[in-house]
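Only one chain is included here, represented as structure tokens and corresponding to the form predicted on its own.
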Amino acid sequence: MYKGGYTGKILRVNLTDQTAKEEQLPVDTARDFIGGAGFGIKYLYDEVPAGTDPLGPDNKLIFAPGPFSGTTIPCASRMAVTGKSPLTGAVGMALTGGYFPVELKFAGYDALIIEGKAKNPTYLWIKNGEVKFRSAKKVWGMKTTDTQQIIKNELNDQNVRIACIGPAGENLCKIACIINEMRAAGRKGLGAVMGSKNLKAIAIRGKGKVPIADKEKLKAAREGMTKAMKESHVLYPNFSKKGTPMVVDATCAMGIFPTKNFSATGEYAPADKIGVDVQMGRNVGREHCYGCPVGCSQLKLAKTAPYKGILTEGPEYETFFSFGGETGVDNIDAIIAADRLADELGLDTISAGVTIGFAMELYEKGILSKEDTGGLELNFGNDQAMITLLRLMAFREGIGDLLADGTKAAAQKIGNGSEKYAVHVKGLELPAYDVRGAKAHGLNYATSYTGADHNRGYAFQEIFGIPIPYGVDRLAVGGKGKLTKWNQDVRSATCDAPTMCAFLLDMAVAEIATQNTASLMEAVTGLKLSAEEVQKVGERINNLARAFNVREGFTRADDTLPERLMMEPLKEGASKGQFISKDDLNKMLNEYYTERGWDLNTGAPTRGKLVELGLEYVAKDIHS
């Protein structure tokens, strides 16, 4: 039995009949899945049948922090939001930080499950065990900052924590995200799922505390973790002051910062225009998530017209790629403005920017005409066209309606050879690493249960040269299946489930990751897991997510990469000549499936592997 970490309660809210009920968190669920993404995927698999319409009332949204959230463990105010993705049709899971995750715990819940659909625009008001359904009519159509402030005013409490959608979610844009403060559960279109339920926002206030099983053990375990953080050569000397955007310089130097829809990587490397030296000139402060001593989120202020005076929390590295390198825009103030606008509209910055870059390449190749674009000149580097497109996409106006569901859907509608320029995996647009020069990173894109998602199995060994669990050659193919499995399982178990900021894994605690989680779990919850059992939790999560996708019809054929990355070698830069051929990808997949115990032909988890992981009922589903 768990003795702490968990509140022991799941809150289930049905929007259709406006009911709410509390359920007990099963001990087996806590032990086998820990929390966060583990809980989300467990409830998604068990409760959302195959073939469910992602934008229908039978899809569910699961908000789940982990047992570490709300404790004194640093960097643990994280939360997974899970549902069936309208963008991919696969598992949709996004993580977010800030203060909302711990407030959910303080309000008394280990997870919040949203089901059904409200008749009219609604927001939830959850306060210490009481749930109210309130009209969102006055904030429907509003941007995210205004929505949050008006709800706080209405509730007469400025300390309420709110997760909401913007116009993009309301208009069911399949690249819409969920915003809390200025943090985003950013990918896979979960904002559209929230919009499809007529749910504008969730407001939460709690005054409870998270129980601790053994405070002395927690103190000792936390000291081990903070020691590793202090000894990191990156975390405090650089990362806390510069944040993720400092990676622009590193990836440009490696020749893997993607530019102009992945067509000019290595040739166009704008570190001198949007790299860390220029970024620092826009920094005006930084923000911390609850209980975080690092404070990596940088506040940036635009200094030049027409964007002068626009303030944003970010942009993060991925957004410097999506609104910078990807679109050929090297005006840092335009990138700041685009980041703020996307957050206000509730658009995922990665998918939005990649979709705009895709449209720009089509325009330059003559596949899209000026008539198609409504008069917009969509040349690479046109920052004002980029800003205009964001608004059009969120409101589904003009060409924005065509692009609002991402590159895969747009290419299917445009035709005329446009599919070869759509840079996505399983419908999810590629993030900010050209994996032609980082092969394990590429294999993770191909096999991640959410599509092209760097965060599911980030290959920090290739990107930062960290030799844990062993050193690798980023350009080599051999051994990358084994490494990718390790990255995916360890990240799931030590970051996505407990929940904890993944930057700590990348920069500080990789060497002690599973034992660190095991020690913290015992101290906080009383559940005794070995380091090996912690890693097994990650394996269980990835196998259950894979089983969900198999049940939805995904096969080995979907574990692929965009044609450009497999057919076009990089032309310039430190990774010149590199690409991932179909043969190389197949070699890595074979190794990966073998390491995972999955069928080499279908990519499905074998019955034996599922039984080994305690997922016998899943084996019956997909091996009937």
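All residue numbers refer to positions in the sequence shown, first residue = 1. Just so you know, these numbers come straight off a predicted model, no measurement behind them.
A second form of this protein, the form predicted together with another copy of the chain, is not displayed here; the remarks below concern that form.
Contact with another copy of the chain in the predicted complex, defined as a heavy atom within 4.5 Å, holds for exactly one of G309, G553, G281, G471, namely G309.
None of K241, K536, K260, K143 but one reaches within 4.5 angstroms of another copy of the chain in the predicted complex through a heavy atom, and that residue is K143.
Residues with any non-hydrogen atom within 4.5 angstroms of another copy of the chain in the predicted complex fall in just one of 189 to 197, 157 to 165, 350 to 358, 316 to 324: 157 to 165.
Here the marked residues Y99, I150 and F395 all reach another copy of the chain in the predicted complex, each with a heavy atom within 4.5 angstroms. Mapping the unseen interface onto this chain, G285 counts among the residues with a heavy atom inside 4.5 Å of another copy of the chain in the predicted complex. Residue contact with another copy of the chain in the predicted complex: K138 places a heavy atom within 4.5 Å of it. When contacts are judged by a 4.5 Å heavy atom cut-off, L299 counts as touching another copy of the chain in the predicted complex. In the predicted complex, another copy of the chain lies farther than 4.5 Å from every heavy atom of H454.
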